[in-house]
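Below, in structure tokens: the form predicted on its own, a single chain.
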Amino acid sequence: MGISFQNVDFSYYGYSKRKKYPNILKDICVNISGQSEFVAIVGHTGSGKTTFTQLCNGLNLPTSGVVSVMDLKLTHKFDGALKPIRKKVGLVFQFPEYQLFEETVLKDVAFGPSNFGYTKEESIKLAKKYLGLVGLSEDLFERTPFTLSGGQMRKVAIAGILACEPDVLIFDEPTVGLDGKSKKELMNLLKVMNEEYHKTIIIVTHNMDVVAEFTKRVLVFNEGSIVCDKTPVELFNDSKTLAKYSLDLPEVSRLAVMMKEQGLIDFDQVPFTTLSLAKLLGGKYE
């Protein structure tokens, strides 16, 4: 099982029979597998993307409808334990480095597993495993996280989520504030978690280049509703949807369209990766 939304509405003012509050999310119906999906959530600011992710791990509860997370059903009346959900679904905020608080890098990453019932030895082992996976060397383990660079701090924070070994990882704008090299390293890490560890990855992003290169499915939000659920290939070749919701093409696609307008290349499907554009150029000039 994964995450399922069944006719979900959400208002930040909660549920009331006496007053109609405006819904941030409206009649959301969607299913996301708990294994091996890589989903991008796109849409303009205020469209409900972050609110959606917060319902995915019980940070918020639906005003109406049902959110099923693994084997638990969340409604506005839910009063059970949320800890099992947090173990299954890890949510990484836009600037996760702001969540660091322990004395050392190793202690900070080990805190999550220990909070979920692992022994001290097991927690340390998991912390070392995932610190290595995100690319931090052992000489940093006993450093205070607040002396690290911004990119290193983000890696520590992400390692802390990974060390809890959730089935689903949700990232809100994971590449914001990172330089080009750090962005690539982070997205390649998420690709490894998806393809080799079979984790479902959900990212909220405005970066269409990231969507094109790494994701397998795109949910487009507009005014609190999911208005499109397609693969990146389908979305970037759907000019009507792109225009209607003012969505950008990836840089490679924009370049390809310009070249087509100038008669330099021709294609039926818009290329959206460097490799696909290179193949078109190779075919043109062989």
Partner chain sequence: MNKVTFGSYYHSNSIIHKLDPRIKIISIILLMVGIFLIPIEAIYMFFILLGLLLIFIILSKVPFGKFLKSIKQITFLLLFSFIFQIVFNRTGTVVATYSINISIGTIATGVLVYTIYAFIKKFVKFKMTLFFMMFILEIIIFKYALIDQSFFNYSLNIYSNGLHTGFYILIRVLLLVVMSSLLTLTTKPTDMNVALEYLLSPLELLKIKTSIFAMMMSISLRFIPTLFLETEKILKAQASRGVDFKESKLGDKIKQIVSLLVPMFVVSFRRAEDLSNAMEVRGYIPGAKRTKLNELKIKLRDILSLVVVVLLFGLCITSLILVKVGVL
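The shown structure was predicted, so the numbers you read here are calculated from the model rather than taken from an experiment. Positions refer to the first chain, counted from 1.
Below, we turn to the form predicted together with the partner chain, even though it does not appear here.
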Just one stretch in 238 to 246, 54 to 62, 253 to 261, 26 to 34 has heavy atoms within 4.5 Å of the partner chain in the model of the complex, so which one is it? 54 to 62
Within 4.5 Å, heavy atoms only: does K199 come near the partner chain in the model of the complex? no
L178 versus the partner chain, in the model of the complex: is there a non-hydrogen atom within 4.5 Å? no
T104 near the partner chain in the model of the complex, any heavy atom under 4.5 Å? no
Find out whether any non-hydrogen atom of V192 is located within 4.5 angstroms of the partner chain in the model of the complex, and reply yes or no. no
Please pick, from I124, V204, L169, L100, the one residue with any non-hydrogen atom lying within 4.5 angstroms of the partner chain in the model of the complex. L100
Have a look at Y118, Y130, F214, F93 for me and say which one sits with a heavy atom within 4.5 Å of the partner chain in the model of the complex. F93
Triple contact flag D79, K83 and D108 to the partner chain in the model of the complex, non-hydrogen atom at 4.5 angstroms: yes
